[in-house]
Every structure is written in C-alpha cells, then in structure tokens.
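Here's a solo chain for you in structure tokens, the form predicted on its own.
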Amino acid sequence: MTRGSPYAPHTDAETEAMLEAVGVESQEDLFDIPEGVRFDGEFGIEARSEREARREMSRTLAKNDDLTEFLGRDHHSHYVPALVDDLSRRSEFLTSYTQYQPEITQGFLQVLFEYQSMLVELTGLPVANCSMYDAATALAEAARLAGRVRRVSGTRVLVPEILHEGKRGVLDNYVAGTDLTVETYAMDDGTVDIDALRAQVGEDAAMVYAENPTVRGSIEPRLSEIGDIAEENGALFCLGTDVVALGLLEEPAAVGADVVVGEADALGMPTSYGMGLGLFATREEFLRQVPGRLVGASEDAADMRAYTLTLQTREQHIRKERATSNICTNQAWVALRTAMHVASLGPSGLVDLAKQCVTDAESLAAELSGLKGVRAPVHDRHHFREFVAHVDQPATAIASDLESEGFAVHVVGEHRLQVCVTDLNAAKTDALVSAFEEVL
C-alpha cells in the first residue's frame, strides 16, 4: 500500500475513493486548464551555459529605456546608504523567514522592535506593528479596525476624492463582505474642504481618512480641524503619511489621529515597482485590534532582556473568529532595512532630508512656472516632494516628448502633469527644465 508523503498523505485507495465520490476519473479532471497554458512536461526553453544566460539577460535588459524618473504618487525613493545593503544581506537576516523561535532570532526581533519604536516616536502613538504589505492594505485594515471598535452605529468610511486609485481599489476590496461602505468627500485646492467634510460626516461615519502629504504632494494645513470633526461625531480619524514626512510635518497624535498608516519603504528600499512596506500605528486602547504582529521586550530566565512576538492576531495564529486580519505574511526584511536607514540618518538627518523634500519641490515648481505654457504648482499649497503642473498643451503629448528626452513624469489630467523630486533626481532638475523648454 502506498503510504503517501507528509505533504500529500493520501493513499492510492483513498484518492480513488474520493475521485469516485465526486464523479471524476482523475485528479486532472478537477481542473479546467486551457490547452494553450497547460504544462505538457516541456518548458520549451533552450539549455544555455551560465555565460550564455548572462549574455542573453544583458541583451534583454539593454532594451529598457534609460529614463530619469520624476515619478511619485505614493511610491518614493531616496538614496539608500551602502551599509543598509551590507547589513541587511547578512545570512541571519536573509534566511530568517519569520521569528517564531525567539531563542535563535534575537537579532532580527530586536531590529523589528526598534522599527516599531521609531514609528511610535515619529507618530506619537503608543502602538505600532512590525509591518504591513503596503499603505493600501494598511488603510484597508484601519477601516476594518474602525468597523470593529466603532463608537457609532454608522458604517461609512470617508476618504478624499483625490486618492490614489490603488488605495481605493484595495479599500473597496477589503470592506466587501462587511457592512462598511466607502464614500468620498470634496477637496479644495488640493487639500480637504473642511466645510464640506463637516457637513458630510454626521453621526453615522465610522472613520475619516485624510493624507499629509496628499497623493499630489500637497501639505494639509488643517489637520487639527479634521481630527476635531471626527472626534465630535464619534468617528475614528485615520491619517495617511510616510516615514520621511513624519520627520518634519505635524505629529499625528498631536492633531488627534487615532490610526496612522502609510508607506515606510521610502527609506531603506530603492524603487521596487510593487514591493512596499506599510506602517500602522494606533492608540493603546486598540492594541488587541491591530492587524499582523507586534514584537515586545521581556526578560529571559537569566533576567536578560529578550525579544519575542508578543501579539499575533492573524488567522493562522489564533482562532479564526478572534482574528483581526487574514494577512498571511509580513514585510519584516523590508522593515529591517527601513529601520537601518532611519538609524543611519539619525534625528537631524531625517529632518534635513524632509526639509529638502519641501525646498526642492518648491524650487523646481518655480523654475517650471517660469516657462511659457506652464503653471506650477496648480494647488496654492506647500508641497512635499511633488506637485501638479498645468501645461497649455495636451499633457500626454508633453509626457511623451519628455520621455523621448529621457525623463518620466505622471499624466494626471488632460493638461496636468505631476512631478516628484527627491535626493536621487535633484541633480537632474536643470536638465528636466531644459527638456520642458525644448518640448514646449
């Protein structure tokens, strides 16, 4: 008798009995895979030596456009010090999938504890988890948290009408199947229309979400008023931001934020085109509602400080009915890199980098606005890293011509482009302005 394996323990007889019970002859009959994509046992890839494979990859990669990116919209890159790469690639970090055995992963657990501590200091909130997938899933988890701890009977989640489409899509997906509904509120010149929000919230809103900076780079000037409106109506106030902006802009706790979400991978990671790291911080009263995992500090039998996974509220760790989230993995290694980058900058270095994000954006907007046919920024606000510029000619045509000149920018409207400047591309701003002048 075939005993099977630890991974597929069914015997031949058991498999045959199950197939008979469901009325099929083979396991393959359970799957409807089109012939065009069905694996026939051959990959159809010609065997190559290592040298030939490298040569082929080099030829393929050489086909990529060599563009200087002035792209942002929730995906930002800063210079990553060499020490981050060197330290994060140590074998004990790379080979540690998740830290279930604290006795052999104290180093990694300590770094994650430091990451959480950094977020606590930057946000002013006492609890931060040790990673989310990205800002979009962090926002969605915040909405579901609001639904679980709601202080009102309402089910509405209010988000700004100017919001990254990816965030809105993930939020809609996460609240599907719950009684929560997502609505938008109006913006005024790139930031929150306070009067419109006040009129819309009412007593049936579970959460109000705002961003600082916004997806267009505008700095929100009235955060405290947004927090007051949410509190007056019994709604949670969720603030979206990023780890660099937290070094300079208003502290979330000081403006009444109950939950802070956003991207933390602006530090520690190069542009990854999809890979992210979501930050999530909240008040202590919501400790047991936090998604994912928290690392805590304790003492071992020898009275030495020790780190461990203190709280794990995801489905695979506790009973499904008690779980707060079905998040299945985490971004621990990315969080480790972010913590290393923040530590290497230090408090003053982080502030200096954040200030540069303001001044560089201001300077580039002024230079572009000096060109005929360009007005920047569109929104009469202070900006962080990025801004929207109006162009008299069609924006798609301008963006295409700029691409031919070696620059990439976002098209965000019929006559609107969005431009993002960081320490990585700041040296190319003069060339970008010259390219604008050329294509105009």
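All residue numbers refer to positions in the sequence shown, first residue = 1. If you're wondering where the values come from, they're calculated on a predicted model, not measured in any experiment.
Note that the form predicted in complex with a further copy of the same chain isn't included here; everything after this is about it.
For G370, no non-hydrogen atom is located within 4.5 Å of a further copy of the same chain in the model of the complex, even though that partner is not displayed. Contact annotation: S153 falls outside 4.5 Å of a further copy of the same chain in the model of the complex, judged by heavy atom distances.
With a 4.5 Å cutoff on heavy atoms, G202 does not count as touching a further copy of the same chain in the model of the complex; it lies far away.
In the model of the complex, a further copy of the same chain sits within 4.5 Å of a heavy atom belonging to D423. Contact with a further copy of the same chain in the model of the complex, judged as any non-hydrogen atom within 4.5 angstroms, is confined among 78-86, 226-234, 154-162, 191-199 to 78-86. Residues E50, R51, R54 are the ones in 29-54 with at least one heavy atom within 4.5 Å of a further copy of the same chain in the model of the complex, listed in sequence order.
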